[in-house]
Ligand SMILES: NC(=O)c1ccc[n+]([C@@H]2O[C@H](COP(=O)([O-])OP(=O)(O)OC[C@H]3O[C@@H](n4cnc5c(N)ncnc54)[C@H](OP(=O)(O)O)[C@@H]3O)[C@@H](O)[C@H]2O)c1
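Given next, in structure tokens, is a single chain: the form predicted on its own.
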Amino acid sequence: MGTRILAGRTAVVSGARRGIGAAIAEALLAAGARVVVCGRDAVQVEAAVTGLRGRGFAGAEGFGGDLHTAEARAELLTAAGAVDILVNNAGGFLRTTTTLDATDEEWDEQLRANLTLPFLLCRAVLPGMLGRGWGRIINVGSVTATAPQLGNAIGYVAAKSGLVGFTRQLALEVAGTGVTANVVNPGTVGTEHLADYFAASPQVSEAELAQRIPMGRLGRPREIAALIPCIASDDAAFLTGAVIDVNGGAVTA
């Protein structure tokens, strides 16, 4: 593959101002795509875009807004134009919860952020992708969809498991149209969001999480992001409905 395998393509990446999302945005830019960096806080998004442009990525653009709302999604589509690649990366959780201690609000918010938002964004971009006969939907899930562990939030695990089922069903619905849908399930990755999680859930430590990984360390955002341009390329046209685990050997089947 050439280094600019995505030249002429437009990508939208949710939750892209930091962490895995920021690394994905940079990887797509390096592959030649125009990338719309999305996040709720417009000021923080603009700072992220400024940083990318400062490193020579002129194709970086930003969109700040709550994409749970129909108004924001419409504004995003107007700003982005034809969306060729959608990466649903936004989500996560902070406080460890179990079935017994999770509040109704926490459950609803976890499903809303980690499952409903990807559904809404997929539904928004699909008509254009189908009309053009080309599209790549990449949903960023979690190792918890395959191997739940203590120390998670019950709603988060349910949502990420649901994301796998949703993506596989979507892949069947659009098979043969030129649109593909796949899931990348990262293991535990060292990000700013993970640091926020440690602060909110002090009973869990980085050392404890690293001990669960055969490689003995956390993943790095760029190790997840490196796969995305390949999955989004023309050469990956036969890859759909796949669940790709990137977790340092924590899950192997």
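Remember, predicted model here, so these are calculated numbers, not experimental data. Residue indices: 1-based, along the sequence shown.
Separately, the form predicted in complex with the named molecule exists; it is not shown, and the next lines address it.
Undergrad: Is it true that 95, 146 and 251 each have at least one non-hydrogen atom within 4.5 Å of the named molecule in the predicted complex?
TA: No, none of the three is in contact.
Undergrad: Quick check on residue 19: any heavy atom within 4.5 Å of the named molecule in the predicted complex?
TA: Residue 19 belongs to the contact set for the named molecule.
Undergrad: Residue 117 near the named molecule in the predicted complex, any heavy atom under 4.5 Å?
TA: Yes, contact at 4.5 Å.
Undergrad: Is residue 135 close to the named molecule in the predicted complex, meaning a heavy atom pair under 4.5 Å apart or at it?
TA: No, residue 135 stays farther than 4.5 Å from the named molecule in the predicted complex.
Undergrad: Look up in the predicted complex whether residue 90 has a non-hydrogen atom within 4.5 angstroms of the named molecule, and give yes or no.
TA: Yes, residue 90 is a contact residue.
Undergrad: Heavy atom within 4.5 Å of the named molecule in the predicted complex: which of 30, 204, 227, 194 fits that? Just give me the one.
TA: If I apply the 4.5 Å criterion carefully, the residue I get is 194.
Undergrad: Residues in which of 97-105, 120-128, 166-174, 179-187 have heavy atoms within 4.5 Å of the named molecule in the predicted complex?
TA: Result for this chain: 179-187.
Undergrad: Within 49-83, which residues have a heavy atom closer than or equal to 4.5 Å from the named molecule in the predicted complex?
TA: Result: 68 alone.
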